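Shown here is one chain on its own, the form predicted on its own, set out as structure tokens.
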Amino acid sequence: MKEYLEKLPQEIKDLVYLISDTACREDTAVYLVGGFVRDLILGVKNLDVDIVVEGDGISFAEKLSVRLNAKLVSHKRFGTAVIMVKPHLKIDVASARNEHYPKPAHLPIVSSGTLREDLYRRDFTINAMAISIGREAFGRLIDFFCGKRDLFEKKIRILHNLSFIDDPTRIFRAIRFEKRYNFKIEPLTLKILKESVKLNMLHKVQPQRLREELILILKEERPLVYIKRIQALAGLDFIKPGLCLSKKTYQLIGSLKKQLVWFKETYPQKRPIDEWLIFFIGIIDSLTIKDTQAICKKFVLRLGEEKRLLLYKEISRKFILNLCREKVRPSEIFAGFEPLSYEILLLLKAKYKGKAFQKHIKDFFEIYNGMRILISGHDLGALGVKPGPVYQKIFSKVLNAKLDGIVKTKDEELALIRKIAKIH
């Protein structure tokens, strides 16, 4: 595997050699493992370096973090640590461990173990390889379960027949790796996956864990492909019993992807979009507000996520029809769209295709979003207007006038507030 390691970006290669040097100094067996090894063989960029230490992983991580002068976060209960080398680069360190599941779909009980036991507890053979980076065997591939063969044959294979029973979230990971790399779930694994679905194993998993797996899937490059595969293999009952996506919903999700591409290309300076949330809202677009509230509670969504989701569901047909008119004043467009997040606006743009509506959203992003007036409370105070709620009313009137082109300069704004101040 030395030739693979030599092809790493210089930054990662230097890091691997520093880890190796530290392992030699400490006389400790250390291995690159898991997804890092998988992507190394596939030639896929991966900036998350995963290592397993036979022995005290946290102690090794502490020594390594000192040499790197990097922040260390350790989890003694699990024998793991994370070293934040740079904002875009981290090292996951774990003590070699064994685990067993006290009940199906529950979190495992972890104990110290050998490298083989550590690799055997993993989800698929392609993620159960290791590369030694110690002094004597630097670059040697350790592949107990034929993971390299499955990589080249493009197969997703579980390590044992209880894999999906122990951890049903592996159903999502099987689909994620299958579609990301254009692999196939091999026949026996697919058969066992479907059997676990029939046993309703996903319903036995904590909803928060399902949420995290779903978020990872919705962050993938082609989420629609993954969503279709999930519905075909596992269904969407884990979100809401009876939920089944229609052709119309699939079209909406496909349109959402196009709108995201448009937004990022057109407005790279605007804040990043929570893409997974947009696709999640698209999945449950057909559900009622009551069902949506229940889903927010079930998956323990963050307050900001729940707020955006429910605000989208509360948008009325009257609101849409009003903004579908051709002749709508800029101040009306601003009043309608300004309270909504970018995520909601892109959802609306994907869903409602009328030319006038599309133009109003584009105008909002291009012209009206972020528009501000030039006057301040100091200017109102100078006119003798006492501070209070009236300030906001006056500012709103001036802003509407500016949006509609009635005033353009600060002098014109000042002239307008003089007229308004006389009334108040």
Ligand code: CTP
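Treat the numbers as computed from the prediction; the structure is a model and nothing was measured. Start at 1 and count along the sequence shown; that's the residue number.
Just so it is clear, the following notes concern the form predicted together with cytidine-5'-triphosphate (CTP), a form of the same protein that is not shown.
K.L.:
Of these, 302 to 310, 163 to 171, 141 to 149, 342 to 350, which stretch puts a heavy atom within 4.5 angstroms of cytidine-5'-triphosphate (CTP) in the predicted complex?
P.N.:
Result of the contact check: 163 to 171.
K.L.:
Contact between R180 and cytidine-5'-triphosphate (CTP) in the predicted complex at 4.5 Å, heavy atoms?
P.N.:
R180 belongs to the contact set for cytidine-5'-triphosphate (CTP).
K.L.:
Contact between D39 and cytidine-5'-triphosphate (CTP) in the predicted complex at 4.5 Å, heavy atoms?
P.N.:
Taking the distances in the predicted complex, the answer for D39 is yes, it comes within 4.5 Å of cytidine-5'-triphosphate (CTP).
K.L.:
D285: heavy atom within 4.5 Å of cytidine-5'-triphosphate (CTP) in the predicted complex?
P.N.:
Although cytidine-5'-triphosphate (CTP) is absent here, D285 would stay clear of it in the predicted complex, with no heavy atoms inside 4.5 Å.
K.L.:
Using 4.5 Å between non-hydrogen atoms, is R121 touching cytidine-5'-triphosphate (CTP) in the predicted complex?
P.N.:
R121 belongs to the contact set for cytidine-5'-triphosphate (CTP).
K.L.:
Of T189, N127, T292, S196, which residue is found within 4.5 angstroms of cytidine-5'-triphosphate (CTP) in the predicted complex when only non-hydrogen atoms are counted?
P.N.:
If I apply the 4.5 Å criterion carefully, the residue I get is N127.
K.L.:
Would you mind checking 8 to 37 for residues with a heavy atom within 4.5 Å of cytidine-5'-triphosphate (CTP) in the predicted complex?
P.N.:
If the 4.5 Å heavy-atom criterion is applied to cytidine-5'-triphosphate (CTP) in the predicted complex, 8 to 37 yields G34, G35.
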